[in-house]
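Below you'll find only one chain, the form predicted on its own, shown as structure tokens.
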């Protein structure tokens, strides 16, 4: 193990380099571009035995990834925002076919107006495509989740999307502990076998009549549900190689706190600072960071929030006409009546720990009584 100063995009590329990936298919889009540029440089230098497929769009990138995966290859791709939206139709096909593709998505705001800065509405609007969704809060998590995702995808037979906030994670650099070969025992063996066999030809994606369609979808649903337990098992295996623990949700602060902040992505790092400031002011608070959003960790969240009198969800995303997406999911899953949703940081708008502290105190004092937007309160 050694320490390198890496941005989130660099961390993705280094992890892909060490994951024995057979095929990378991608189309460049800011701020994802440096991921595939870095991987392409590894291939050009002969440092990895990976085939890079250049395509004319993100739709084609995912289509090519599907073909390579069906042929038995370990496959990676990356995209962001409008590119992810262009993939939307094919995301359903990849998940429905149970192909273990791993994709990094640089979370970026959705147009209009045109924006290249951080927001999670792009990936959350794909929440029903059948992809497992993981959200990283720093570059170390980005790096680690690539390895875990390949194992998870191949064991569950389902594609995985790793989400990292644009520029806040993709381009800011920090020390990242990287492996020097010791991860081979974890990642080298591939469990995925080819669906396509020229000696035993089969048809895939054919028309299904109603009596067949619904059982197939139930099978897909049950396959996804297994991912939560499988993630925890694989994460424990990963700890043996890295001494770093990952879970579907993670807590920080006073475990018996009556006020709980919930968020995901890079905002979780800011929230940790807010928890520390609240503690200095005598307010016992806890952060719950959601790392796995799909499948939704309902049971884990229910246990974590059982003693909470106030729950505040900070969403860097929005469902127009409804509010923060994570807040809505949480309330829908757990039936909470003590939860306030605060939408903040859209399009990369700056949010710091003082904003979160003020909003938390406003909820506790009754100044904020219903879901709202956090904007320009400093």
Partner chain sequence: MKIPKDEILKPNHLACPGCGAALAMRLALKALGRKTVIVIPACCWTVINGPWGKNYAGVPVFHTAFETTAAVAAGIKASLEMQGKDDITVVGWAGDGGTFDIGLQALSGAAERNDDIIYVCYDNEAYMNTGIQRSSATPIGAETTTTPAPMLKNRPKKDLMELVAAHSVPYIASATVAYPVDLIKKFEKAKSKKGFKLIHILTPCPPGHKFPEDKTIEISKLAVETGIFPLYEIEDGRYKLNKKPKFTGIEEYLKLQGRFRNISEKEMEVIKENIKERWRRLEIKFEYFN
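None of the values given here were measured: they were computed from a predicted structure. Numbering follows the first chain given and starts at 1.
FYI, the form predicted together with the partner chain isn't displayed, but the following is about it.
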131, 148 and 157 each touching the partner chain in the model of the complex (heavy atom, 4.5 Å): no
When the contact criterion is heavy atoms within 4.5 Å, does residue 229 count as touching the partner chain in the model of the complex? no
Might residue 114 be said to contact the partner chain in the model of the complex, defining contact as any heavy atom within 4.5 Å? no
At the 4.5 Å heavy atom threshold, is residue 249 in contact with the partner chain in the model of the complex? no
4.5 Å heavy atom contact, residue 347 and the partner chain in the model of the complex: no
Picking from 273, 283, 177, 196, the single residue whose non-hydrogen atoms come within 4.5 angstroms of the partner chain in the model of the complex is 196
Answer among 308-316, 60-68, 339-347, 321-329 for heavy atoms within 4.5 Å of the partner chain in the model of the complex: the stretch 60-68
Along 30-44, which positions have a non-hydrogen atom within 4.5 Å of the partner chain in the model of the complex? none
